[in-house]
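So this first bit is one chain, no partners, the form predicted on its own, shown in structure tokens.
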């Protein structure tokens, strides 16, 4: 299937299947099983998995466009979905061929769902989850503060810090035990139905058959740069969702300058992300990935805020599309956040307040 067909399929699913169910999914008590199943049927769960394992082997650019489409339709689904495709990407890049052959086909088909528990690696201070070696085994002790999709995901890509400073990454089955226990689901301002928990590890033993990789701090920093580009898709998806709602509500007739300006800005920022992600773009012409992500965060929040203002008092309702998009855009400003990203996001607010163009 050509790449543009995959993107178009994602947009069709988002507009025709996800968006009509988004308000109900946002307020549900459980993760979006039906929505993830629909993405599995369309082959979307295998985007980051090579074809030899049953996946699409899509380019990073195509993956971003598909994620943005899904985020424009339903933030909860996008929130759960990206955990899976990111986990699959890391596993696909592993040198553990036996593990890939055993797990990737099922992950591509959606008969297994993957989640993530490694965002704590980017936090400053003492690691909340440490790993020690016992022969060839890894022993995890501590807490992974954030894991989405409990009772939906079957596997989690779990990472902790070794004594030498490297991070150790393993694919671990998700089942309550003495060694691995989940907290009650966190109460979140948005995506509350995502079943996001913390995982407590008590001498959790992981044998080499389940090891994915190790990463040095420098390798992790490089991957974080790539993550900033990947996660622009969520904010751009929220922005496109907000503009779509503005059009459907008649705002393009009442406030044509607003909708046109947002359209132009989304296209401009999207093009800048595409240039950064194009292998043909010289490194010194790509610009700062962190600043680019901050610009997308800012745009997503402003576009959703515009939808709330146009929605008026009705947008106070928890199920109002603009209200939901605004909460989702806010959450996207916190995903995979680092100290540098926080500073860049705040700098944009300060520059705008001073009347300086960013």
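Predicted, not measured: the structure shown is a model, and the values here were computed from it. Numbering follows the first chain given and starts at 1.
Below: the form predicted in complex with a small molecule, not depicted.
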- Looking in the model of the complex, is the small molecule within 4.5 angstroms of a heavy atom from every one of 83, 118 and 339? yes
- Message: Counting any heavy atom within 4.5 Å as contact, can you tell me which stretch out of 267-275, 188-196, 201-209, 93-101 lines the small molecule in the model of the complex?
- Response: 188-196
- Message: Check residue 123 for me: does it contact the small molecule in the model of the complex (non-hydrogen atoms, 4.5 angstroms)?
- Response: yes
- Message: Using a 4.5 angstroms cut-off on non-hydrogen atoms, would residue 140 count as touching the small molecule in the model of the complex?
- Response: no
- Query: Quick one: is residue 346 in contact with the small molecule in the model of the complex, heavy atoms, 4.5 Å cut-off?
  - Reply: no
- Would residue 148 count as a contact of the small molecule in the model of the complex, using a 4.5 angstroms cut-off between non-hydrogen atoms? yes
- Message: Quick check on this chain: which one of 42, 291, 331, 36 has a heavy atom within 4.5 Å of the small molecule in the model of the complex?
- Response: 331
